[in-house]
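A single chain comes next, written as structure tokens; it is the form predicted on its own.
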């Protein structure tokens, strides 16, 4: 498949990031596995792959200017020695020389519908003689999705997340991009997309837009949480607060709270906007309760349940409700899915608490203990007749490596973890029962499988 990419440049020398537009072409064509071949149709427009970072781009432009400065006496610009030069021909010998340092061609691989680029890589059209109207030729070859084959839901969300982050100011986009690209289970956007296929107005692209907004909202809460908890790492990478300071963390979190809210409002469905706005209110209110409870650490079960239903379960419930509302599902279906999401979110957080004590989790055992994060296994261990007194004594003091290790041993040796696991499984059973009384257009087995997997995990 062939296409032309048209765009305008605005500066004499300019690195124009065309990555997002190439992704759009791949998605539009349905290319699943193959290659995108690009060719500049101008002798003063190059192609390059590098990092999109403003200071670095300025370095590139300065380098080109030093190597081939404008007006340095190029024979190409001596129009008296050239024949049939049209009127208005620019003196651009420098631009032609600069192009030799670049390439007029580029090929990017595509796997599972996504461009194969490194974490920091973008594809640039490099203007060397602007501002001008420019054109790049594209050819796509490989394995294309059949017209009746749906592009994976996951790929649509990843493309939409990348598209949204591409247009944001780099000081806020870069930290969020690092967090998003570090992975995560993407459960909330998956719930949005699945439930958005239930009603009569199913639209995968609109569902992907909503799912991406929900994921941005979730990641904004994580950035703020990490600052409050003084966490140093998230998903194996330094948190925004640890890497760039608390001021940047607050600013980035606030920016994406605002952006996600705007994206949700732009979808134009009042029910969707209300459901997610209420969830955001619950998240913020529960964060205040969470901080207030630190004085009585590790707290009690009732207080813990109130906090996690606000901080975690509310967004799960809203993800399920908003997807169903977007598709025009019946009110009883929307309500049942909301209850399903609430129960699933609560069980998910309990399972997440248990992960802190798993040596296979991929993170240091006892990280939640060290950071004094509310945790149901700790609450139950502190209430245990045998190990409870020592657990409470240790938690009341300074938590060095030896103290954290000892608390983790006590929790593991007590009946706390099996008790939490059983509670989480009972909540999932209750969540599954919420789906039995409503028509879900064949989606029930998928939702049940997702719920079971969310609790039966070690990471």
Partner chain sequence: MSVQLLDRELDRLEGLWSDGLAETYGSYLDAVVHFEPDVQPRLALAAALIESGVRLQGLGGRAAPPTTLLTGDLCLARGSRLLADNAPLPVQVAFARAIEAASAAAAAEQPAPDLRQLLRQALGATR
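Residue numbers count along the first chain shown, from 1. Superpose the two forms; the largest set of C-alphas matching within 1.5 Å is the rigid core. Nothing here was measured: the structure is a model prediction, and the numbers come from that model.
The form predicted in complex with its partner chain is left out here; the points below concern that form.
Chemist: Taking 4.5 angstroms as the cut-off for heavy atoms, does residue 302 touch its partner chain in the predicted complex?
Modeler: Contact with its partner chain, no.
Chemist: If you check in the predicted complex, is residue 259 within 4.5 Å of its partner chain, heavy atoms only?
Modeler: Because a heavy atom of residue 259 falls inside 4.5 Å of its partner chain in the predicted complex, the answer is yes.
Chemist: So in the predicted complex, is its partner chain close enough to residue 266 to count as touching (4.5 Å, heavy atoms)?
Modeler: Yes, residue 266 is a contact residue.
Chemist: So in the predicted complex, does residue 13 come within 4.5 Å of its partner chain, heavy atom to heavy atom?
Modeler: It does: once its partner chain is placed as it appears in the predicted complex, residue 13 has a heavy atom within 4.5 Å of it.
Chemist: Sort through 388, 328, 171, 142 and report the residue having a heavy atom within 4.5 Å of its partner chain in the predicted complex.
Modeler: Flagged contact: 171.
Chemist: Of these, 383, 289, 203, 181, which has a heavy atom no more than 4.5 Å from its partner chain in the predicted complex?
Modeler: Residue within 4.5 Å of the partner: 289.
Chemist: For the chain seen here without its partner, which of 95-103, 338-346, 223-231, 108-116 has a heavy atom within 4.5 Å of its partner chain in the predicted complex?
Modeler: Comparing against its partner chain in the predicted complex, the contact stretch is 223-231.
Chemist: Residue by residue through 263-288, tell me which have a non-hydrogen atom within 4.5 angstroms of its partner chain in the predicted complex.
Modeler: Going through 263-288 in order - heavy atoms within 4.5 Å of its partner chain in the predicted complex - the hits are 265, 266, 273, 274, 277, 278, 280, 281, 284, 285, 287, 288.
Chemist: If we fit on the core, is the Cα of residue 232 displaced 2 Å or more between this form and the one not shown?
Modeler: Stays below the 2 Å threshold, so no.
Chemist: Answer yes if the Cα of residue 124 shifts by 2 angstroms or more between this form and the one not shown on a rigid-core superposition, and no otherwise.
Modeler: Moves: yes, 2 Å or greater.
Chemist: With the core lined up, does the C-alpha of residue 11 move 2 Å or more between this form and the one not shown?
Modeler: True for residue 11: a C-alpha shift of 2 Å or more.
Chemist: Closer or farther: how do the Cα atoms of residue 260 and residue 119 compare in the predicted complex relative to this form, given a change of at least 3 Å?
Modeler: Compared with the form shown here, the C-alpha atoms of residue 260 and residue 119 sit closer together in the predicted complex, by 3 Å or more.
Chemist: Closer or farther: the C-alpha atoms of residue 168 and residue 119 in the predicted complex, versus the form shown, with a change of 3 angstroms or more?
Modeler: They are closer; the C-alpha distance drops by 3 Å or more in the predicted complex.
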